[in-house]
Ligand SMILES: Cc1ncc(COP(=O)(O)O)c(C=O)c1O
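Read the single chain below, which is given as structure tokens and is the form predicted alone.
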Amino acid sequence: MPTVAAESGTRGRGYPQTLQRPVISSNKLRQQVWHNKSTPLFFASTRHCRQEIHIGGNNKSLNDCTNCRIAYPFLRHLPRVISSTQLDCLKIPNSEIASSHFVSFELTLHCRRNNSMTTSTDHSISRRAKQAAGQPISQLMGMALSNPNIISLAAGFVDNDSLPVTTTNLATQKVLAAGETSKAALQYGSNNGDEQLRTLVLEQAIAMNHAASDQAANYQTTLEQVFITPGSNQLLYLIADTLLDPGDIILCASPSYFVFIGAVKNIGGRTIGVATDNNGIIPRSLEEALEQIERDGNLSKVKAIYTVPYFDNPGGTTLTAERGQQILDIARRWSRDHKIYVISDEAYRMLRYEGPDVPSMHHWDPSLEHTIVAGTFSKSYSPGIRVGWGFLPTDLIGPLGDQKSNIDFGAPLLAQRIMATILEENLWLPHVEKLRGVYRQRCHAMLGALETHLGDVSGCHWHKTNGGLCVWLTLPEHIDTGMQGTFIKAAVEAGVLYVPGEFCYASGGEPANHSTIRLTFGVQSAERITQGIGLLSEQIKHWQ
């Protein structure tokens, strides 16, 4: 049953005379039932509620609705709302309902848009679609767009001025100047992806791993195990959708990549967070998490361990070669009744600014018995090209390939041919070096500004990353950095935006730290980064 809540103490404040108000009292809250002769509107009143309500639709605020015959005095007393004018799927967490902070009932209103009665229970929308509502990206983008002069240290975008227009133009001209071959690039391609691109990507990865390790590996990965996808996020979603039934488990770092956490939740799976330090997932903590899951009788539900081994988003940490091997060994040992995979999301591997490279877990599992590798050119070349790749165990080729063919019949071939040409013409690695120079300066600017402004502030600490695009900042525990707190509102008013760390924690396992922040340095100049950290630090000190 859908739920809605309004602040208590709103009775009798400027409501239209045409509305009559019977009041029903209870021990825990008062439910107010308002009747208009043509339109009944039911809502609840409780002094406890400041919770955001997520309503499916086009993310238009209820307060913006000019079509519904609903009195505006009601609206200004509702909490912040994300909705459509149809109000088709009001939601409140079950935990809040159980704690009696909310009352459940059906909301009915008349909307002039379709001249029909609409209820908040819309059975035509799938549970998955409803679970996808209220994504943090949408909320943060809305805050940024409503404050055009804000310094956003939230967006995980790449530097606009460094986008490779010239090299992409040269590669595109070559692809489209090859007669019949050019026509083929404008056709459908194979489900696995362009053969030349798959070959080049696999060869490049193996060469990098050999260069990063003093131990040789006998790679037995075949071309059939290489898939091309439009960006790595699609591959990650396909992996989760292929492995998980509702209630199944993926273990991940705490904190971890919130987009993947959201994808697992959307599919009906669960994420269990594992403790981390400056070198990523702690192997002993991973063992302890599996032991607890086994005691709970849920080991059969564990399907994978998700890692971002290079400059983790959001933590900025990198798994050492030793830890990568330990995590892989844990997956092997705990694969008793079924195989547990290790997902190695290597989106940031090429963005290394300091120190030596580390071999991929692929190097310690050269035939990919347990390892799934996900990679992308979005961060190291261009997100607009949308070319990602995956290296899969042989037992997942068929199942994941079937899932993929239901979605796209193969990633866009023109983009694949462009990237294959860029690799073949040796245009990629020089561009990577250019990006490293740009981001190195910005990374140093952010770390330097943090040291200058917060180095002597008790309770503030951060990981000094050597690459990627993220810095993970922890504040004193009394500062709530979340979307429901007042700190983020103060920061936005001061002119700076961040990603609340609460979004980056799994649904179970290690508890979320609500005093954390993810900062990114990909978009802003070094000067703006320094200014933004200064503004943020002023708010932190004000809250000390």
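Quantities reported herein were computed from a predicted structural model and do not represent experimental measurements. When you see a residue number, it is the position in the sequence shown, counting from 1.
Absent from the display: the form predicted in complex with the named molecule. The rest refers to it.
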| Of Lys303, His463, Lys379, Lys404, which one comes within 4.5 Å of the named molecule in the predicted bound form, counting heavy atoms only? | Lys379
| If you check Thr168, Gln225, Ser152, Asn313 against the named molecule in the predicted bound form, which one has a heavy atom within 4.5 Å? | Asn313
| message | Using a 4.5 Å heavy atom cut-off, which of 193-201, 303-311, 448-456, 357-365 contacts the named molecule in the predicted bound form? | response | 303-311
| message | My question is simply whether Arg386 lines the interface with the named molecule in the predicted bound form - judged by any non-hydrogen atom within 4.5 Å. | response | yes
| field | Contact flag, Ala347 vs the named molecule in the predicted bound form, heavy atom cut 4.5 Å | value | yes
| Is Ile272 one of the residues lying within 4.5 Å of the named molecule in the predicted bound form, judged by heavy atom distances? | no
| said: With the partner left out here, check for me: in the predicted bound form, does some heavy atom of Pro412 sit within 4.5 Å of the named molecule? | reply: no
| field | Partner contacts for 256-295, taking the named molecule in the predicted bound form and a 4.5 Å heavy atom cut-off | value | Tyr257
